[in-house]
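The chain below stands alone and is given as structure tokens, in the form predicted on its own.
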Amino acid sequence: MGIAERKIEDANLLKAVAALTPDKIQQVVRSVTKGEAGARLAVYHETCMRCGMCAEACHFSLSHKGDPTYTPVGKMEQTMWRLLRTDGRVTPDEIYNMAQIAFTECNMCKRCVHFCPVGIDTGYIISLVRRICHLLGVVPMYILDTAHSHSATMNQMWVKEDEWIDSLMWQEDEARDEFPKLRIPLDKEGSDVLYSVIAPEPKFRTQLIYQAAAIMNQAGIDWTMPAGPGWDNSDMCMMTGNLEMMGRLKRAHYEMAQRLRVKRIVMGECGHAFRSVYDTGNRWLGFKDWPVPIVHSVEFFWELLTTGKIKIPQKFQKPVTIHDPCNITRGYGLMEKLREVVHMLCENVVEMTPNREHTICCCAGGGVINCGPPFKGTRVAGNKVKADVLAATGVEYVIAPCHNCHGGLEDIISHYKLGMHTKFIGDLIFELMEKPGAE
């Protein structure tokens, strides 16, 4: 089935393409392909052999066996390679199709890079297609709304400044019922750690802030959380191709940490947010190095456990499996440290196959889950292969240190009736750690 046959109606895509002309499309395509992209794109285009070896890498392709339009090279043929062949002279309806492919049928997980004999980065190429779509205004409605929230409020959930502070104070108050001496310090200058979260935590998962505060308290960490804009480390603008706003978000994040003179930023359990701060946003801003050192929570939890600041008297006994979030494993190399942490917490760990840098994506990352209800069916059907991999482990619990991974995994677990549950590492640490002084 080709993209034309599986087109899904999206309010903003329909509205945006109605205002396009072939001249406008060509102008924008040229500005990206001949301006922003440069030699890297040209090299990929000239070296791609259309061999199809990437077909065995992509979860969409593996879940739709026999349909070449879902393969990475098939997606490039329908998007960027067509734009380059035509010098951007395509119709508005073709741009609609390209937007649907780029935003909802590719997570930019980069598993295909490991299968390509010449190392073509399909994720990078699809990100350029999204950039073109952003400049044309052709972005799915739900993720566009999230990007607009970033622009208006500097966080993705339209959380107002007083609501953010109220959420932190609420969690402090809740936690002090159990830990009487616990505090969530706000804007404490000179702290060792600035703890940074994504906006869905105060909006939907406030218990994670509670747990993080308890862990910091029990470990005796000199820490703080930010009180003003810049606290949200998530970045849907990176996913929509709004790189200018991505740069604003990362600058605000770094400048907040610099203003507080903290020694380092500890990022919560999120993959894309970590990537946006350590790898993408900082380079867009032209920084030679990070203005403030950054660690992911996997690294931070590893430190707390190996130094004995957090003690685990008894491990989690039920069998678990580990999901490797793409952005911190393929993108950053935390696969072994993640396993060390999980093994320090769990008695019985069953590995998925494949795993580590060859892990199959959750099908939620790359902004795909943020494209909303119209495309949920695409995600669920596009990741049957991950459901099969999960089922083969025979376990009840999946450890996944990433918010979007939780969303994607929970959707396929529910749809394919796997009877499994997801857990963050913070969930386990809070559940298992010694809690002296707790009431």
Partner chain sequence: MKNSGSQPASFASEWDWEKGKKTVVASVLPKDPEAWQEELYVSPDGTHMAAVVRLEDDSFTLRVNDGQWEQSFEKAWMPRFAPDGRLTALVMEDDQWTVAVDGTPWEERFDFIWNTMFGGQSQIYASIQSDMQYGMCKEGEPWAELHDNATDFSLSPTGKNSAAVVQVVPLKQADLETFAKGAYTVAVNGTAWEQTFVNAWTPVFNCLGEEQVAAQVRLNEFEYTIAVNGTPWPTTYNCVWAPSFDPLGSAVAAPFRKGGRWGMAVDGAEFWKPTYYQCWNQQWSFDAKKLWAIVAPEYGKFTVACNNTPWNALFPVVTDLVLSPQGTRAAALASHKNEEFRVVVDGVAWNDAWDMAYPPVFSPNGQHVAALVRKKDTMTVFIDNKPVGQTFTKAWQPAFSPDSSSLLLRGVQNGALVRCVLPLNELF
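Note that the structure is a prediction, hence the values are computed from the model and not measured. Numbering follows the first chain given and starts at 1.
One more form of this protein exists, namely the form predicted in complex with its partner chain; it is left out here, but the text below deals with it.
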Next item on the list: State yes or no: in the predicted complex, is some non-hydrogen atom of residue 227 no more than 4.5 angstroms from a non-hydrogen atom of its partner chain?
Entry: yes
Next item on the list: With heavy atoms only and a cut-off of 4.5 Å, decide whether residue 285 touches its partner chain in the predicted complex.
Entry: yes
Notebook entry, point to check: Can you check whether residue 315 is within 4.5 Å of its partner chain in the predicted complex, heavy atom basis?
Noted result: no
Next item on the list: Determine whether any heavy atom of residue 131 comes within 4.5 Å of a heavy atom of its partner chain in the predicted complex, and answer yes or no.
Entry: yes
Checklist line | Non-hydrogen atom within 4.5 Å of its partner chain in the predicted complex for each of 340, 406 and 410 | finding: no
Next item on the list: Check each of 166, 351, 178, 347 and return the one that places a heavy atom within 4.5 angstroms of its partner chain in the predicted complex.
Entry: 166
Check: Just one of 187, 93, 303, 87 has a heavy atom within 4.5 angstroms of its partner chain in the predicted complex, so which one?
Finding: 187
Next item on the list: Spot the stretch among 208 to 216, 317 to 325, 276 to 284, 193 to 201 with residues whose non-hydrogen atoms come within 4.5 Å of its partner chain in the predicted complex.
Entry: 276 to 284
Next item on the list: At a 4.5 angstroms cut-off on non-hydrogen atoms, which residues of 252 to 280 are near its partner chain in the predicted complex? List them in order.
Entry: 255, 258, 261, 262, 263, 264
